[in-house]
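For reference, the chain that follows is the form predicted alone, supplied as C-alpha cells.
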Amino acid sequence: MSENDKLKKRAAEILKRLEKEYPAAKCHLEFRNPFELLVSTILSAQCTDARVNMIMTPLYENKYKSPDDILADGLENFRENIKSCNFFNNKAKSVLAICNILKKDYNGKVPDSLEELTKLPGIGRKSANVILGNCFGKKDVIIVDTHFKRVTGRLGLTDNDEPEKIEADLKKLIPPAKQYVFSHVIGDHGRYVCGARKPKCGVCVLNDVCPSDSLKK
C-alpha cells in the first residue's frame, strides 16, 4: 500500500469516528442568509464567533438586512456598532467596501463562486469556502481555519503550514462529497478536545490513530 493510500485510509477512519462524535457539527457563526454570513465571516478574523454573534445577531434582526442598509447607515455608525470586535476599524472599512461592490456589481447579492468571492476585499479562500459550503450547498470545500490547521497537522494528514497547501493536501485524501463535513467535524474536535495548549488525548476518540497522541510519549 502506497503512503498516500495509507493516509486516505487513516483519513477515512478519522472522518468516520468524528462524524459519529459530532453529528451536529456546523458553522458556529449565526446567520440567515449569505449576506449575513459574509459580513460575520469578515468580523470573525482574530475574534471569536461568540463575540461576533453577540454583536451582529441583533443588528441583522433590527437594522442591517442588506448591503443598502449598511451603506445608508454609513461607516461611522457601522464602526461604532461593531467597536467591541477586534480590529473593528479596518473590518468596518472592508465591510463597507464589500457592500459597495455587491450593490454595484452583483445587484446586492453575494456571488456563489470561489473566483468571484475572493475578488471581494477581505475575503480569502477560507472565508469563501465557509460561504460556499454553508450557503450554497457546496460539498467539495475544505475550510482551513486555525483549528483545522492544528488538528490535521497533529493527525499527520499534512505537514504544510500554508492554508492553500493544507487545503490541497486534504483534497487529495477526502472525497469531494465529504470535504465540507470533514471541515466541520475537525473544527469541532479542535474546539472541544484537541485544544491548542492542552489537548485532551486521554478522552480523544482518535488517540489510537494519532501520531501525536501525548499518551504514547
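Throughout, we count residues from 1 along the sequence that is shown. Computed from a predicted structure; not experimentally measured.
One more form of this protein, predicted in complex with the DNA, exists but is not displayed; see below.
Undergrad: Select from the listed residues Lys171, Arg51, Lys165, Arg32 the one whose heavy atoms reach within 4.5 Å of the DNA in the predicted complex.
TA: Contact check passes for Arg51.
Undergrad: With the partner left out here, check for me: in the predicted complex, does some heavy atom of Ile123 sit within 4.5 Å of the DNA?
TA: Yes.
Undergrad: Taking the shortest heavy atom distance, is Lys109 within 4.5 Å of the DNA in the predicted complex?
TA: Contact check for Lys109: no, nothing within 4.5 Å of the DNA in the predicted complex.
Undergrad: How about His28 - does it come within 4.5 Å of the DNA in the predicted complex, if we only consider non-hydrogen atoms?
TA: Yes, His28 lies within 4.5 Å of the DNA in the predicted complex.
Undergrad: Wondering, does Val95 line up within 4.5 Å of the DNA in the predicted complex on heavy atoms?
TA: Flag for Val95 set to no.
Undergrad: May I ask whether Asn4, Lys139 and Gln179 all come within 4.5 angstroms of the DNA in the predicted complex, judged by heavy atoms?
TA: Checked in the predicted complex: no contact with the DNA for any of the three.
Undergrad: Does anything in 130 to 169 come within 4.5 Å of the DNA in the predicted complex by heavy atoms, and if so which residues, in order?
TA: Going through 130 to 169 in order - heavy atoms within 4.5 Å of the DNA in the predicted complex - the hits are Ile143, Asp145, Thr146, His147, Arg150.
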